[in-house]
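One chain comes next, on its own, written out as structure tokens in the form predicted on its own.
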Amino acid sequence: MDSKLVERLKKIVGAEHVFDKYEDRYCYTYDASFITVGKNEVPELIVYPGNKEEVAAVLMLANEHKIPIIPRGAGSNVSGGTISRNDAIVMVLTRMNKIINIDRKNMIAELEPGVITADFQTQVEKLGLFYPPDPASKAFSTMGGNVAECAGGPRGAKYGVTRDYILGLEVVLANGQILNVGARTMKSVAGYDLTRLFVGSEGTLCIITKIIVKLLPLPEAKKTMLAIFDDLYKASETVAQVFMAGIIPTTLELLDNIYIKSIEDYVKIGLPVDAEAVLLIEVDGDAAVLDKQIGIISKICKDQGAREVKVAQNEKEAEDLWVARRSAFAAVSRVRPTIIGEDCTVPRDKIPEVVKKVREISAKYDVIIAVLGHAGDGNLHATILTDERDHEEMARVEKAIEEIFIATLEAKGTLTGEHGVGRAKGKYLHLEVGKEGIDLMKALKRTMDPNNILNPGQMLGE
């Protein structure tokens, strides 16, 4: 990069917040996805802005010189959404990490994009409030990244995903213009819903510099249970039955035998390694009704063929179960070195059908596919365990992935429920939205970012 441009950037954000050494830049050629680009895509420069004015100034300069900008938080996304390219500046937003305000009376909060999700949740819970979205990466993922990817998590069954809690945003557009969208109120229909447009846009339309979220009262209590099945399909069928009983659990997680064995080997908490599947279920709310709900769910599970239902007797037992669940991806990484965790989502009643199809695809292509899911909202993580160094196997993996996507769409589902499109799924997006949908998205992108500097190559492949 031209030395004069580098000097201008250093004046904008401070020389100590600009990194140009090769070893520093190389760290941004990968994120938490299976996609790697290596030495051929080392970015030109890394910048850490400290406020919206610095973000705007960097974007104005980049737009003027048509330099791509890759926005990045913790790099914890699994869709390749923050992978660098060799002509780009990576803009890391982790310096902007202030919780600006928590308004208890109106149950809203304002915060910067670099705030760690779990840290924010801890702060609001101290005040008796609750921010439900809980991606598996919440201990290190940033709120800005959660918004950009519209992150979900296990509690989505009852509480929804990130977009359901975003009231407004402050963003910087590609030309450096600062824009405020949405409101601090619970409802607003003033014009097009630009807030929803930016949530989940994966850094292709704007840089998020402030987030306004709504909060809920912290639930009084919660109960956790584990239902053990000898039949994966019976466990899958149980999911819809729970909801048909009129109960909406906070979380309803499905894990197959591959996950059960891997997790138990990893954390050793006594999971039943001979079981074909388990359902990890949690309910929350008024303490007086939780035992009744747990009783109803336990009966449903047993009627559906569960051989045993265990209810956590105290907070430690419940936390042990959730520690086990949160370690799932780390645990299966011991099976094969490369993990491709898809996040296809289908209607709840289609889960058994799609689980069966995934098993058939696994056998057809002779690849290991473990099944884990936020089954309460139909989100299935068909997890392909492979080795990217084995090119012949990876060719089979590609075919398996495409068939999983086709099966998902045939079941009236979606290619991605929470991970985003990124680089990983861009070539498949047309299967869901069609040519017309792709054309409209490209038109929006060209209108808002005519020089295509914001995260080019993501989502739409351009």
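Don't overthink the numbering: it's just position in the shown sequence, from 1. Given the structure is predicted, the values throughout are model-derived calculations rather than measurements.
Keep in mind that the form predicted together with a further copy of the same chain is missing from the display, and what follows is about it.
Enquirer: Where does a further copy of the same chain sit in the predicted complex: which of 263-271, 217-225, 354-362, 113-121, heavy atoms within 4.5 Å?
Expert: Going through the listed ranges, the match is 217-225.
Enquirer: Quick one: is residue 86 in contact with a further copy of the same chain in the predicted complex, heavy atoms, 4.5 Å cut-off?
Expert: Judged by the heavy-atom cut-off of 4.5 Å, residue 86 is well away from a further copy of the same chain in the predicted complex.
Enquirer: Taking any heavy atom pair closer than or equal to 4.5 Å as contact, tell me whether residue 417 reaches a further copy of the same chain in the predicted complex.
Expert: Yes, residue 417 sits close enough to a further copy of the same chain in the predicted complex that at least one of its heavy atoms falls within 4.5 Å.
Enquirer: Heavy atom to heavy atom, is residue 349 within 4.5 Å of a further copy of the same chain in the predicted complex?
Expert: Result yes; residue 349 sits at the interface with a further copy of the same chain in the predicted complex.
Enquirer: Report yes if any heavy atom of residue 205 sits within 4.5 Å of a heavy atom of a further copy of the same chain in the predicted complex; otherwise report no.
Expert: Residue 205: contacts a further copy of the same chain in the predicted complex.
Enquirer: Exactly one residue in 259, 229, 198, 131 has a non-hydrogen atom within 4.5 Å of a further copy of the same chain in the predicted complex; which is it?
Expert: It is 198 that has a heavy atom within 4.5 Å of the partner.
Enquirer: Considering non-hydrogen atoms and a 4.5 Å limit, which listed residue (384, 252, 161, 172) is close to a further copy of the same chain in the predicted complex?
Expert: In short, 161.
Enquirer: Should the three residues 288, 437 and 440 be counted as contacting a further copy of the same chain in the predicted complex, with contact defined as a heavy atom within 4.5 Å for each?
Expert: Yes, the whole candidate spot contacts a further copy of the same chain.
Enquirer: Pick out the residues of 103-120 whose heavy atoms come within 4.5 Å of a further copy of the same chain in the predicted complex.
Expert: The stretch 103-120, when checked against a further copy of the same chain in the predicted complex, contributes 104, 105, 106, 107 at the 4.5 Å heavy-atom cut-off.
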